[in-house]
Ligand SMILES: Cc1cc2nc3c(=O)[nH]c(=O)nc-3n(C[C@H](O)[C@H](O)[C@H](O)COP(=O)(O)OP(=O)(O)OC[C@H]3O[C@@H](n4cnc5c(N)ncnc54)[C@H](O)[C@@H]3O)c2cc1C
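What follows is a single chain, given as structure tokens, in the form predicted alone.
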């Protein structure tokens, strides 16, 4: 039995409608491969989801003729990555100096981005999407994954697929059902996210800015209609912070960023904030026969650098480049699936090592200090050498392997 207007069999079943899932669906459909996208939530409206699209992702969208329309949804564009200390401002990465078509990071609400890509994909034949579909089981024949069982509006359905792709994020159901273990680490920080109104007469010009004080750190993202603020704390420090009370929290934030003024006091209760427990890691093997994990399902990224979406999108591009023809020709093998991991894993491992270094040597040291944090020598040097600022920007934008769409 299948949901009305949904096939019982497809070439590709994608679990999860995040950036990796919707881009993979679009590219498969563009290559003439039938695809069903199952998204567990009824819509794409989420609080505090990543929305930084670097030049690598924008160039992929440009290849597809979608970049201009996507950029119309942008709240702002980040020209550089800077941190404000009590006595100085240090710029770590200068995106505006990159020699490329998109020398910036676009801040685009993920809900708008996902809805846009899905609407474009609906115009292609062979694509189906079902929102609110809860995957409950991976179907298997002789240890090969052959599709899924899922529930929709209280009823259970089955979907056969030549390939099932788990693109369902850090808490991946596909990964759990496949009994694929995530080798994870716990960076020394968590992040408390909340929204603030933009203060009247504010001169907050930067799209993204950081503030580092004595044992404290915040990230401010200007979304035009409001400010999104991330308060970085040592892992396990949330309980002690709550015990200090909301008024103390107000004072800490105002001490770090006086320009926020009384907008901070609009936060009346801890329930108005969301805590992100920062976890990183990746699975040892991204695939099994008939199944492939991509994006955060295969490798959970730290928020450092805002690169998670971009690595998920590049995973999707690499997967379709590698797998579209074998799927169309009914010759898909585990060797093909292994090829996706072989191509993408080195770049993922490298950025995760970089993120770990930043977390351990800069963020952790800053949060442990009860005195004004003194930027380490590497930060000071980077801020003074334009070439290094440009190189770091390019590394964050492209990583060590930049994917391009093939088969157009």
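Residue numbers count along the first chain shown, from 1. Here the structure is a predicted model, which is why all the values come from computation and not from measurement.
The following text describes the form predicted together with the ligand, which does not appear among the structures shown.
Novice: Which of these residues, 100, 338, 276, 246, gets a heavy atom within 4.5 Å of the ligand in the model of the complex?
Specialist: Contact with the ligand in the model of the complex is made by 276 alone.
Novice: Heavy atom within 4.5 Å of the ligand in the model of the complex: which of 361, 380, 343, 41?
Specialist: Going through each option in turn, the one that passes is 41.
Novice: Which one of these stretches, 306-314, 75-83, 250-258, 152-160, sits within 4.5 Å of the ligand in the model of the complex when only heavy atoms are counted?
Specialist: So the stretch in question is 306-314.
Novice: I'd like to check something about residue 270: if you look in the model of the complex, is any of its heavy atoms closer than or equal to 4.5 Å to a heavy atom of the ligand?
Specialist: Heavy-atom contact with the ligand at 4.5 Å: absent for residue 270.
Novice: Would you please decide whether residue 185 lies within 4.5 angstroms of the ligand in the model of the complex, comparing each non-hydrogen atom pair?
Specialist: Contact with the ligand, no.
Novice: How about residue 193: is it within 4.5 Å of the ligand in the model of the complex, going by heavy atoms?
Specialist: Residue 193: contacts the ligand in the model of the complex.
Novice: Can you check whether residue 121 is within 4.5 Å of the ligand in the model of the complex, heavy atom basis?
Specialist: The answer is no: residue 121 has no heavy atom within 4.5 Å of the ligand.
Novice: Go through 133-156 residue by residue and record those having a heavy atom within 4.5 Å of the ligand in the model of the complex; state none if no residue qualifies.
Specialist: Those in contact are 133, 134, 135.
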